[in-house]
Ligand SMILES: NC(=O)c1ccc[n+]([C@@H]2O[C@H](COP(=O)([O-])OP(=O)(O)OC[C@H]3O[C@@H](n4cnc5c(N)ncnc54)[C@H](O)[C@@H]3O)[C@@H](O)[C@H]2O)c1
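Single chain ahead, by itself, as structure tokens, in the form predicted on its own.
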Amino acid sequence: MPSSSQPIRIGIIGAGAVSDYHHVPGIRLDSRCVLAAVCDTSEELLAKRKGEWGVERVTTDPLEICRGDDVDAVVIATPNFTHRAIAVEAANHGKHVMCEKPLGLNGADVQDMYDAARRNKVVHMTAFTYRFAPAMRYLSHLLKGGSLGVPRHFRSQRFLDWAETSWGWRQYKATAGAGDLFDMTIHRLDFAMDLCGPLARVCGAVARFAPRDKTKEGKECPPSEVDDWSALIGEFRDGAVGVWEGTTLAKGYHRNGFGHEWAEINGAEGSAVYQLHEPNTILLGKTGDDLHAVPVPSEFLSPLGSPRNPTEGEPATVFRYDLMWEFVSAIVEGREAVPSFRDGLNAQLVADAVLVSHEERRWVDLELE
């Protein structure tokens, strides 16, 4: 670990779009860290990123990054089935770890990751991006401050209009675990529990409509094995109830690529709504008053101390850079990152229970961390 005057040296494992879209811009904004190394299985992509990202140290071997003494922390943005092995190896070599969601293929994978991080006393973080959206941060403040009253209902919709061509590794159970449920709905499970507390039980279902047996170039491939629609009903420990629905096949819900997201709390005193395509605005309403748009107060547009200027860039994109700010802050301050692997584990256990519920056609009780 470098001294307090030296930047945190970060290695990115998985140089695809998510790292380019979220993590590298976050590193560039934060003077407390530097991009020290990049790993990807594609030598062609590595050569491209070497120039684009201005990094000299590149490798196709993730374990080389995990074991090297020139890296203090890693960001894992690789296929789901690889997360557990990389995260455990990194933690065992004293590296702080941020990992994309879902953390693993199932709760057992994620438990191994969480245990390794705690055993080695490293910072661990789940990349649940939407916790950092300004409207979500303000909604949490209103709810936890009592402005909405006791929460009664949580409601989530995540509708995307994606092409029905192959998802590559994301459409096979052995490499992805599940589809929309693990890729999209799991985010909404996380922030619902951040708002309303742990879930006690769920019932749910998944479905697959698109065969995805051709690539975007028209080449044939094995058909999809995972869901492109997921839904569930949940009961929270504190008595509130929740409803979630997600799909990648909602025609007409493009919204400049961001899709439709609606997350709503109905409390005893009022209602509030977060929408991804307008993350700097919240909808609020009370009895006798229709839901109406209210600008998110300036102090909730970015975390205190973040170097990001919230007035610059596309609002539905730039809040994602605060993931890295939180990760680095937790390392520098010697505290737990939020959201942690514990949050990733709890969301994974709920998602696993949805698959059990669908298979066995029953409610499933939960025992969360």
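In case it trips you up, residue 1 is the first one in the sequence shown, and so on. Not measured: the values here are computed from a predicted model.
Here the subject shifts to the form predicted in complex with the ligand, a form of this protein not shown in this document.
Note on the interface: of 75 to 83, 259 to 267, 291 to 299, 206 to 214, the segment with non-hydrogen atoms within 4.5 angstroms of the ligand in the predicted complex is 75 to 83.
Only one of the listed residues (354, 24, 345, 15) places a non-hydrogen atom within 4.5 angstroms of the ligand in the predicted complex, and that residue is 15. The closest heavy atom approach of residue 228 to the ligand in the predicted complex falls outside 4.5 Å.
In the predicted complex, the ligand sits within 4.5 Å of a heavy atom belonging to residue 100. Using a 4.5 angstroms threshold between heavy atoms, residue 130 counts as touching the ligand in the predicted complex.
Taking the partner from the other structure, the ligand in the predicted complex has no heavy atom within 4.5 Å of any heavy atom of residue 190. Although the partner is absent from the chain shown here, none of 194, 315 and 340 has a heavy atom within 4.5 Å of the ligand in the predicted complex.
In this stretch, 335 to 369, not one residue has a heavy atom within 4.5 Å of the ligand in the predicted complex; the partner itself is omitted from this view.
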